[in-house]
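Okay, here we've got a single chain as structure tokens, the form predicted on its own, with questions on binding and movement later.
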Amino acid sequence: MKILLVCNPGGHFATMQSLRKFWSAHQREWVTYERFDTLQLQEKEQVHWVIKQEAREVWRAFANFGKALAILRRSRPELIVSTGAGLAVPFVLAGKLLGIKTVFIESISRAEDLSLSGKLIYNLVDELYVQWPECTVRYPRARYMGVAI
């Protein structure tokens, strides 16, 4: 299976790294933006660098949506996995338009409520995992499978 791993740097990148046991068994490519922690990827992984996009940066999200369409058409993954944050939104939207299965793993810091990204893609994503069982009370489509890190 070919997967596309989408995450912002920092804690979201650390969460994706903690899932290595899963993704290392598959052909994969990464989507993130350049920062000291993500630069290590270019040594051994296929990386698509995109525009830095944080929450509520709508114009950057539109720009990354265009990049997402191009990357997904070229890469042709069977699955998009994102640990957030803002980069998840354009890639999940583009993935849904192209018929690609999507998975979003919410941040461990979200104990009772979803992040803005999680809320925006809640009804679009194929699977949404949370790291606190309390989140499933307000969001019944979310699945609690334990802590990722």
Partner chain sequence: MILVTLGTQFFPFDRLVRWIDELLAQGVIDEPVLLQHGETTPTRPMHPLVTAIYSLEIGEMQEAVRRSSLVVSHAGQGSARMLARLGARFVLLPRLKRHGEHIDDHQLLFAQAVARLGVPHCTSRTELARYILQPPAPFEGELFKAPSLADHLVLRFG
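Numbering follows the first chain given and starts at 1. For clarity, every value in this text was computed on a predicted model and none was experimentally measured.
The same protein also has a form predicted in complex with the partner chain, omitted here; what follows describes it.
Looking at Ala148, you'd find a heavy atom of it within 4.5 angstroms of the partner chain in the model of the complex. Residue contact with the partner chain in the model of the complex: Lys67 places no heavy atom within 4.5 Å of it.
When the partner chain is considered in the model of the complex, Asn123 lies well away from it, no heavy atom lying within 4.5 Å. At the 4.5 Å threshold, heavy atoms of Arg110 reach the partner chain in the model of the complex.
Of the candidate stretches 41-49, 92-100, 59-67, 110-118, only 110-118 contains residues with a heavy atom within 4.5 Å of the partner chain in the model of the complex. Along 111-147, residues Ala111, Glu112, Glu127, Tyr129, Trp132, Glu134, Arg143, Tyr144, Met145, Gly146, Val147 each place a heavy atom within 4.5 Å of the partner chain in the model of the complex.
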